[in-house]
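Only one chain is given next, in structure tokens, and it is the form predicted on its own.
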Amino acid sequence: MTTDVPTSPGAVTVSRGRTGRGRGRRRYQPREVAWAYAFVAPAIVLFAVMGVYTLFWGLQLSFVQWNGLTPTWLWVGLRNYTDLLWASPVFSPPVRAAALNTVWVMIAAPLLTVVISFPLALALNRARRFVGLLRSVYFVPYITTGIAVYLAWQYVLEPNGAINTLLGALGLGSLSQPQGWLGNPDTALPTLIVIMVWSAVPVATLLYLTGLQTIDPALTEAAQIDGASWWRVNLSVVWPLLRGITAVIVLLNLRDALQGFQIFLIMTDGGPGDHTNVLGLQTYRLAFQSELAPTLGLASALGWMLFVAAVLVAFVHLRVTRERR
């Protein structure tokens, strides 16, 4: 037998998810609800100011011509977008070149990260000795400060750096780069992609390793009993089970490739000759490296195009992944 608990006026009733007998309800008093909203309010206000407000402020800036300092701006409508895409002979060529470089990064970085991190996770999962040490060593590139790592890589990739010195010591001096690996237009972008992959592999390996440890050993044992080789077991049994983790890894790398520019700004600043310029760096240049030129609206427009592109990539990626399940 159940009894009803009297409630005061204005009390909030919340149903609990219990099934069967003894189903009850928790009734919150107005004072409790007020305290709950009071604790949540600072986070909501901070998100509204730093998120929603700045989002729409940036959208408004994408329709004006302004340098960020003058008291007034000039409304130009969609001209910023057309200038970036095709209309302006000054702004559209760098954007197209940066877009091509960004596409190369979006293709190469996720692909190489998956190709390297999955076998690495398989090897770590089979290790029986020094497992903790090996995992710590592989995770070092991720926890190291980005700027310090990039400066160290710059030193290694110099004309007299460690890589050219090592190639010369091995009798492979013909492969060395006299102007440095970041000074050669043919090797600058591939070198930066390799460094991005080097930084992304630890997290991807950890995600794959976590997924491997959740797979029921009976599945792989059954495949081995049926005569499947080690490669066949991992490609036909293990790999499909980790498809969701692969989707997350690819999506994270696509996001970094599309919107990230820190490595390009610090290591090459888009050079040599804009061969490593990407869309994120081009946005930064238009916003902060144009002196007093009224290009802040162009930067906002390019930022919004990047945002829309990121949303579309995520949507298409999730749809394709869902259809393959």
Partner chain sequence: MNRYLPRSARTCLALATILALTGAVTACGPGGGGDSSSGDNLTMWTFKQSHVAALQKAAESFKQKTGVGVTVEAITPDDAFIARVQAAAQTRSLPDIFEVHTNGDDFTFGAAGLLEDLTEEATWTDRYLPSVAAEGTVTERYYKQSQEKGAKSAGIKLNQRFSVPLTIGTFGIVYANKERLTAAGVTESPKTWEDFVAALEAVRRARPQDGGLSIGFQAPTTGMEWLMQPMAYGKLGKAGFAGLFSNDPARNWTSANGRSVLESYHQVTPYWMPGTQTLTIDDADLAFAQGRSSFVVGGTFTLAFLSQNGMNPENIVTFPVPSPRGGTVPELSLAPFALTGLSVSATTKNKDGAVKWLEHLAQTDVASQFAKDALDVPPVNLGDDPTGTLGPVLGAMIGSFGSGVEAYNPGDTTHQPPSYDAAVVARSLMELTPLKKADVPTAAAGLQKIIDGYWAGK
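Positions refer to the first chain, counted from 1. In this text, rigid core is short for the largest set of C-alphas that superpose within 1.5 Å between two forms. These numbers were taken from a predicted model, which means no experiment stands behind them.
Absent from the display: the form predicted together with the partner chain. The rest refers to it.
With the partner omitted from this view, the residue of Ala87, Ile215, Ala222, Ala152 that lies near the partner chain in the predicted complex is Ala87 [heavy atom within 4.5 Å]. Site annotation in the predicted complex: the residue of Phe139, Phe91, Tyr81, Trp198 reaching within 4.5 Å of the partner chain with a heavy atom is Phe91. Not one of Leu112, Asp226 and Gly244 comes within 4.5 Å of the partner chain in the predicted complex, counting any heavy atom.
Contact with the partner chain in the predicted complex, defined as any heavy atom within 4.5 Å, is confined among 113-121, 184-192, 232-240, 245-253 to 184-192.
The partner chain is not drawn, but in the predicted complex it has no heavy atom within 4.5 Å of Val64.
When contacts are judged by a 4.5 Å heavy atom cut-off, Thr70 counts as touching the partner chain in the predicted complex.
The partner chain is not shown here, but in the predicted complex it comes within 4.5 Å of a heavy atom of Arg31. Thr268 belongs to the set of residues with a heavy atom inside 4.5 Å of the partner chain in the predicted complex. Interface residues of 242-280, taken as those with a heavy atom within 4.5 Å of the partner chain in the predicted complex (partner not displayed): Met267, Thr268, Asp269, Pro272, Gly273, Asp274, His275, in sequence order. Trp57 shows a C-alpha shift below 2 Å between the shown form and the other one [criterion: core-superposed Cα displacement of 2 Å].
Comparing the forms between the shown form and the other one on their rigid core, the Cα displacement of Glu32 reaches 2 Å or more. The two forms, fitted on the rigid core, differ between the shown form and the other one by less than 2 Å at the CA of Phe288.
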